[in-house]
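This document starts with one chain, in the form predicted on its own, laid out as structure tokens.
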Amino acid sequence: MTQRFLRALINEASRPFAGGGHFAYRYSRGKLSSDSIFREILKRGLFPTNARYLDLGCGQGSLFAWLLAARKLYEAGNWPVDWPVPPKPQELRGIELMQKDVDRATRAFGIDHPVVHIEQGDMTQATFGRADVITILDALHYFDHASQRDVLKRIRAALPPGGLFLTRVGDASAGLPYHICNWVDHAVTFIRGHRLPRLYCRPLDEWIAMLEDLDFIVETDSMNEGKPFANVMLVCHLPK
């Protein structure tokens, strides 16, 4: 059941990108099928049912397509009985620096989608507004340490009591797996048609300390699924 369900979920989540060109479609299928964090978000019930979401560095909107597909399958009665009810987002707002990705998102979701709104912008400068859940998946390390701290402070200010910030970072203290992560990051960025970035990583303990200084309660979990990487998911809640 689970494997059939996951195939159906990947098919449904990738479907919006089919009209956006071969790359957009193949990239979404590859990302959603190989990256365990998407499955774990749903399997663990990490997101609230009714909420406003803000994804910073959202790319072409793969996370949004995943959440919408999950809700569609659930409402159609095609959902594992041992998985929590998937979220029904009130709003899915994304901010993405790269115009190419914004264009792919626009072709996938259209310009008048009732829930999804993706805009071009730099998260180090953009206005966050208010959200119940804020996510940054594999993008915090693209800008310098001072900007990282500022972004996290503004995320803290944008969330209500009990709000959730979910991110994934590379642990710079992990040795060889950390260097493999960086190599893969450069390769994927190049394949997506963007310049190769300078990376500003930190040891895991430093990420946690910075978040705890902002009053977040931080839970950590390795997010590599057997791959020789140093990725760690940080699930950060504000006190209610």
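None of these values were measured; they are calculated from a predicted model. The first residue of the sequence shown is number 1, and the count goes up from there.
Another form exists, predicted in complex with a small molecule; not displayed. Remarks below refer to it.
Asker: G121: heavy atom within 4.5 Å of the small molecule in the predicted complex?
Answerer: Because a heavy atom of G121 falls inside 4.5 Å of the small molecule in the predicted complex, the answer is yes.
Asker: At 4.5 Å between heavy atoms, is Y142 in contact with the small molecule in the predicted complex?
Answerer: The answer is yes: Y142 has a heavy atom within 4.5 Å of the small molecule.
Asker: Against the small molecule in the predicted complex, would L137 count as a contact residue? Criterion: heavy atoms within 4.5 Å.
Answerer: Although the small molecule is absent here, L137 would touch it in the predicted complex, with heavy atoms inside 4.5 Å.
Asker: Is it the case that I95, even though its partner is missing from this view, gets within 4.5 Å of the small molecule in the predicted complex, heavy atoms only?
Answerer: I95: yes, in contact with the small molecule in the predicted complex.
Asker: The small molecule in the predicted complex: within 4.5 Å of a heavy atom of each of Y27, K31 and G57?
Answerer: Yes, all three are in contact.
Asker: Want to guess which of 109-117, 95-103, 82-90, 152-160 is within 4.5 Å of the small molecule in the predicted complex, heavy atoms only?
Answerer: Stretch 95-103 is the one.
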